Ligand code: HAM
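As structure tokens, one chain now follows by itself in the form predicted on its own.
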């Protein structure tokens, strides 16, 4: 017996009955991108490992543990270069911004992407090796107003897909001016608690001590006593953060300050934020997040340019919708086109005319008796059946009630099923 082949571990198939929820969240994301004046951009699903190592940071989990590496082919140096499937979109978008000289365009640039990301992580509930994100980026705006706008946008997305009780958690992690002193304060503090740190945190302490704050196994009392980033901000960073908080209050955006929030990637500066369903805070429960990356463009070879963005996990969003019992919008009513005998050409012509009128149609391609065709249409989820009669005669049958209208035109069918 031939062995059955299954989907790779950590991935899943998206079956037809699951797609209405995906259609819903993607439609909301695309509509909000339009309403907030974001333009679509798409980048390759794989890039050089160097891009992510430089952009995300060698000490980040995404590079250190979770990079989904792809072996290059033998041959040229280009083919043999180390590649990785994209773990997040920002580095690739910034690479495209630099490569295509997008700095000459009227700014700030507002870019949006929806697509799959990959992390070779240990699969667990709500955490897949292939997952989908909605990502937005604003490149070229250093002010706090755009920070507030993006956080408000994220909140609006969750509200419009039907999720309740989503809060934004925000923090400021400073910049190149004030972060060095904060780093030293963290190193001194955590070195005094070395025996209570995990092996990962001890290793990262002198590479990127902010990542120790992100360790979910850190003892609560040690975490609570750690120096706070907001207490070490320079005047410019403090002014930026205070302005952000005031703008969020003015917009009525639900938010809280989280002093441990540093995000997992090294490119963040100043504002960092994450979205959670209230009461579900934790590493595996974040619905999305983002922050400023004012030094990333320069780090990847461009001229100094501020930037900010977020990524929202669509898989996590849909899981949260299921937990809250949020029903996705149903698809448009399906119409089946049926008929006696072998009049398949007429069924297809009627189906084509209805589709031209915007109706979702499924013609029956069999030569079965009409009763069997009606039974099959009902099982397929059709709401209506158009039954071909003699000549050009049509009948429209409501498969839910059993009511039928005879001698009806194509135009009347289209109008009736669209009511």
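Positions refer to the first chain, counted from 1. Note that the structure is predicted; figures quoted are calculated from it, not measured.
Unshown form predicted in complex with histidyl-adenosine monophosphate (HAM); subsequent notes refer to it.
- At the 4.5 Å threshold, heavy atoms of residue 147 stay clear of histidyl-adenosine monophosphate (HAM) in the model of the complex, well away from it.
- Taking the partner from the other structure, histidyl-adenosine monophosphate (HAM) in the model of the complex has a heavy atom within 4.5 Å of a heavy atom of residue 127.
- Among heavy atoms of residue 311, some come within 4.5 Å of histidyl-adenosine monophosphate (HAM) in the model of the complex.
- Heavy atoms of residue 131 reach within 4.5 Å of histidyl-adenosine monophosphate (HAM) in the model of the complex, making it an interface residue.
- Comment: histidyl-adenosine monophosphate (HAM) is not present in this chain, but in the model of the complex one of 209, 92, 229, 288 has a heavy atom within 4.5 Å of it, namely 288.
- Taking 190, 267, 97, 157 one by one, only a single residue has any non-hydrogen atom within 4.5 Å of histidyl-adenosine monophosphate (HAM) in the model of the complex, and it is 267.
- Segments offered: 159 to 167, 288 to 296, 330 to 338, 173 to 181. Contacting histidyl-adenosine monophosphate (HAM) in the model of the complex at heavy atom distances within 4.5 Å is 288 to 296.
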